[in-house]
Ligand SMILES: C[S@@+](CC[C@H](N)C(=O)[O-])C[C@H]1O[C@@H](n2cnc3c(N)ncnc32)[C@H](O)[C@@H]1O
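Given next, in structure tokens, is a single chain: the form predicted on its own.
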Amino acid sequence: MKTGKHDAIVLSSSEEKDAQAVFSDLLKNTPIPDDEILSNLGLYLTSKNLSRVLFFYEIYKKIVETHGIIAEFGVRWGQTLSLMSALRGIFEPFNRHRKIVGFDTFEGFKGICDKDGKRCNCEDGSFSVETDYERYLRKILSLQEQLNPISHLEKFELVKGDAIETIPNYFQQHPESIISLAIFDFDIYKPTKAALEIVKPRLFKGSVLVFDELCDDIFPGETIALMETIGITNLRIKRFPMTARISYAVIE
């Protein structure tokens, strides 16, 4: 079921959605003083939301001893990018080579095709964000860096546009880039396949791949794209107990 004007797909029961709505209202109308809100965000974390944070905490630990950049393919609101920046500040605050790069149209899906199936009930433009949202996200990521060492060196980049064009262009301009962690969250077939094709020669033993919709019957395109590019027979696709659908594989 889709919710709201930005097309989020939620499988929660009506009772769960009602409870989540109350949670949202409590957050928006919090009595906590402004200067204490950030240090008390855990008050509003549900088990589902916390599980995703814990997932990426475990994933980040797997890349600390590897070299290379973090690339997220499908940014949307940018929560994962912000988490990656915060985790870099915890685990390796002086690693200027751990650049975090996010690719997105910031205008919703582009390139829906038959391999994406019909269950998601999506079209080009679905899952869009507010106009000029990337400027807002850039400010958040800049603040994340400001609160950690070597903040004078910008260690993130947002790449806006159609992935089929922007991803090859980016790596042509940055031929030095190797990938320590690649996060695939485009949901749909065409941009995911484009990302996997470009990423493949930049992976090494120890690189980590994260998939948000693998084996998902609502978004089959991600699985098809992986099978047509890297393949799955030589991947040990794993998950952590705290999350249901998000998975990962370490190149061996």
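Computed from a prediction, not measured in an experiment: that's the story for all the values here. All residue numbers are counted from 1 along the displayed sequence.
This protein has a second form, the form predicted together with the ligand, left out of what is shown; the following refers to that one.
*Asks:* Of Leu181, Val75, Val101, Met84, which residue is found within 4.5 angstroms of the ligand in the predicted bound form when only non-hydrogen atoms are counted?
*Replies:* When the ligand is considered in the predicted bound form, the option within 4.5 Å is Val75.
*Asks:* Consider the chain as shown here, without its partner, and state which of Asp162, Glu154, Glu130, Glu92 has a heavy atom within 4.5 Å of the ligand in the predicted bound form.
*Replies:* Checked against the cut-off, the match is Asp162.
*Asks:* The ligand isn't shown here, but in the predicted bound form, which of 62-70, 182-190, 196-204, 36-44 has heavy atoms within 4.5 Å of it?
*Replies:* It is 182-190 that comes within 4.5 Å of the partner.
*Asks:* Going by a heavy atom distance of 4.5 Å, is Lys110 a contact of the ligand in the predicted bound form?
*Replies:* Heavy-atom contact with the ligand at 4.5 Å: present for Lys110.
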